[in-house]
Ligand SMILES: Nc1ncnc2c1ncn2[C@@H]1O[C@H](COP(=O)(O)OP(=O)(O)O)[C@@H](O)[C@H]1O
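Quick heads-up: it's one chain on its own, the form predicted alone, in structure tokens.
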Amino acid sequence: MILDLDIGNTLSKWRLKDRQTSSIRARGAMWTRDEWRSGSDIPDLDIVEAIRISNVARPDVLEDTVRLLSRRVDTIHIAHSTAEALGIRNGYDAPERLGVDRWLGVLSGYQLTGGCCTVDCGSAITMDAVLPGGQHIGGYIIPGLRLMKESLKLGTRKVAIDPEQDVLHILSPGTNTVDAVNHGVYMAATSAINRLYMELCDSHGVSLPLLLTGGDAELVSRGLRVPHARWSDMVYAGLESLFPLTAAEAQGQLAGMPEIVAPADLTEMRRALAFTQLL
């Protein structure tokens, strides 16, 4: 088995992948500071042959985790943001400072589409773009839905936006404080993604496929006005691209690859941008 590990500042997500069939056998999550001892929330390390790690927590968290895991597993691959990989040139001034989860998303997105805009809807919402030909041009970071609500300090942090709520209701004015906060936060996030995506495409003269991942991707997806696809395993797929360990991965078959959605027409996006500039 292969253990893929996505370490965040608060939560670490994992999945077990069968090395022979490339099928996903189990998934789970644990608090980042918990030690790796087999239990209900942690996979059995006795069946793991190799580990692939993405880490955005502090370096000491990664060091502690690797030290614990290396006692049980010999092969551990750790992803890092680099100046170039898999045909993509990192657009950051200091490439190593690009969050590795963003880098992995760009790598997997590019393998799928050959140029794309990736959006990770987590605690922060990150956007990155890579042009056809492999030039990563950087991106944006804005507060995520929960972070925006917490910043208002209105006691609404435990009141979540209902994922079953009709999107038109979410975008309507709130008639109480909780709804006003929830609807305002949702509008801020989705409007920013819509606008920034169109600005990116307009400024570079290319209509890029848009890919969403992260815990709030399903909810955010409903408020977007441009064609897009959701790819829950996009960061894991970046690990697969960097460190292929199965026959399917070596052939470019990444886990959970979505159907490619044709992007919005560039002319239509430019008309929409021109209209907003009149307001």
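This structure is a prediction, so every number in the text was calculated from the model and none was measured. Start at 1 and count along the sequence shown; that's the residue number.
This protein has a second form, the form predicted in complex with this ligand, left out of what is shown; the following refers to that one.
Exactly one of the stretches 65 to 73, 44 to 52, 208 to 216, 246 to 254 approaches this ligand in the predicted complex with heavy atoms within 4.5 Å, and it is 208 to 216. In the predicted complex, at least one heavy atom of Cys121 sits within 4.5 Å of a heavy atom of this ligand. Although the partner is absent here, Thr10 sits close enough that one of its heavy atoms falls within 4.5 Å of this ligand in the predicted complex. This ligand is not drawn, but in the predicted complex it has a heavy atom within 4.5 Å of Arg146.
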